[in-house]
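As a starting point, one isolated chain is supplied in structure tokens, in the form predicted on its own.
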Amino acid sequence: MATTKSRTSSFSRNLAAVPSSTNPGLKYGPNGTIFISSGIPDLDKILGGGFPLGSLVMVMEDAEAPHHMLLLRNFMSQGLVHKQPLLYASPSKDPKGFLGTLPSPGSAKDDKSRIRDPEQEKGLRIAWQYKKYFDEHQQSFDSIRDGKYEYCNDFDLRKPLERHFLSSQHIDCVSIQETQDLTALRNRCATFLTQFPRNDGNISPAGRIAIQSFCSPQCEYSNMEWDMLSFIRSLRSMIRSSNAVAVVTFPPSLLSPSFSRRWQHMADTLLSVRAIPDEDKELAKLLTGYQEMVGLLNVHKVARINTQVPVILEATTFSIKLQKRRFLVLECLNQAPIDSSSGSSYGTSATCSGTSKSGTLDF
């Protein structure tokens, strides 16, 4: 009797080649990419899962507002909640004092109040025969509501991070204010990254590096543009061969245009934030929900690891809002208030469906 062979599709993944891990805060993506969370659920969805391990993320600051600190705080807090070692470099004299401003994960009660419509959460609809290939081997890394951790938390900006997250972690704080050259910082990063070697089939605990206002005028090396560019190139090389992610914020207005473009070219993921004028009547007429916005986030580049396929985003500019004045939310910009409805969060608006009086058209 002939043995029956299981029918396989050319779209199926080879799960045996996918390494297993019990480390919290990791999530598998396509082409063997492993993500860690940015700490902002909407930003993770925009980027296709989060920040890929081995990538350099650069955030261009707004010289008139510290909106980049919102991204940096959530990124650092998410790592500490997942017990991922952190290296934080700051131009302030006491970098450890910044740890007291990190937000805490929202309570279960707050999470329930922020649950969205499941029909809207589906986002981009996928044909049923291919849907299973996107869900396999991902459940163990998604949010664990009943367990200890979630892949990405909603952080309450009004509530400071509990002390036990700060006391039991491997946190290395560095002040770069009085640093005359970047050799010491480069060596510090190299030593930190030796904890996270990238070995095939074995995922070590992921690490995070956060560097705030890298070319700040408080730093003595701020006029050494070639040295700073060399450091970024070295950091990117070290990050690429490790299971870690580095987030570097910098004010582009303090750099010459040519060096600013070079810095942006070095980034795997490039973001920028800017403030919104308090009373811009023209902008208020153009955008819905203008009064609730605190700033704008632009996505200039999305990291592509192990692939050459470009990313085509539904939108590249998003409004930054504080839901209930506590939770950071990113929303697609809606033009001209037609029905007096405000914009919806990225997670609820990324759908290939149109709504009409006769019903919903899905494709």
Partner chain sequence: MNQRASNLLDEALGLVDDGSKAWPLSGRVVLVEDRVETSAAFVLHHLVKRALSPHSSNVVVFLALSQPFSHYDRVFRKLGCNLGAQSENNRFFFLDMLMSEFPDGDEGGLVALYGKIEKVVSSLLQENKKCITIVVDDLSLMEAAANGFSNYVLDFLHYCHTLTSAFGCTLVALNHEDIYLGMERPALILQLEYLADILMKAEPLATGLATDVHGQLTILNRGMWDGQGSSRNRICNFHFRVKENGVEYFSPGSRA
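Only a predicted model underlies this, so the values are computations on that prediction, with no experimental measurement involved. Positions refer to the first chain, counted from 1.
The form predicted in complex with its partner chain is left out here; the points below concern that form.
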{"query": "Its partner chain: the contacting residue among 305, 69, 65, 322 in the predicted complex [heavy atom, 4.5 Å]", "finding": "305"}
{"query": "Its partner chain: the contacting residue among 238, 255, 247, 287 in the predicted complex [heavy atom, 4.5 Å]", "finding": "238"}
{"query": "Within 4.5 Å of its partner chain in the predicted complex, all of 229, 234 and 301 (non-hydrogen atom)", "finding": "yes"}
{"query": "Per-stretch contact check against its partner chain in the predicted complex, the hit in 152-160, 266-274, 95-103, 211-219 (non-hydrogen atom, 4.5 angstroms)", "finding": "266-274"}
{"query": "Touches its partner chain in the predicted complex: residue 83 (any heavy atom, 4.5 Å)", "finding": "no"}
{"query": "In the predicted complex, residue 48 touching its partner chain (heavy atom, 4.5 Å)", "finding": "no"}
{"query": "Its partner chain contact at residue 262 in the predicted complex, heavy atom, 4.5 Å", "finding": "yes"}
{"query": "Residue 188 within 4.5 Å of its partner chain in the predicted complex, heavy atoms", "finding": "no"}
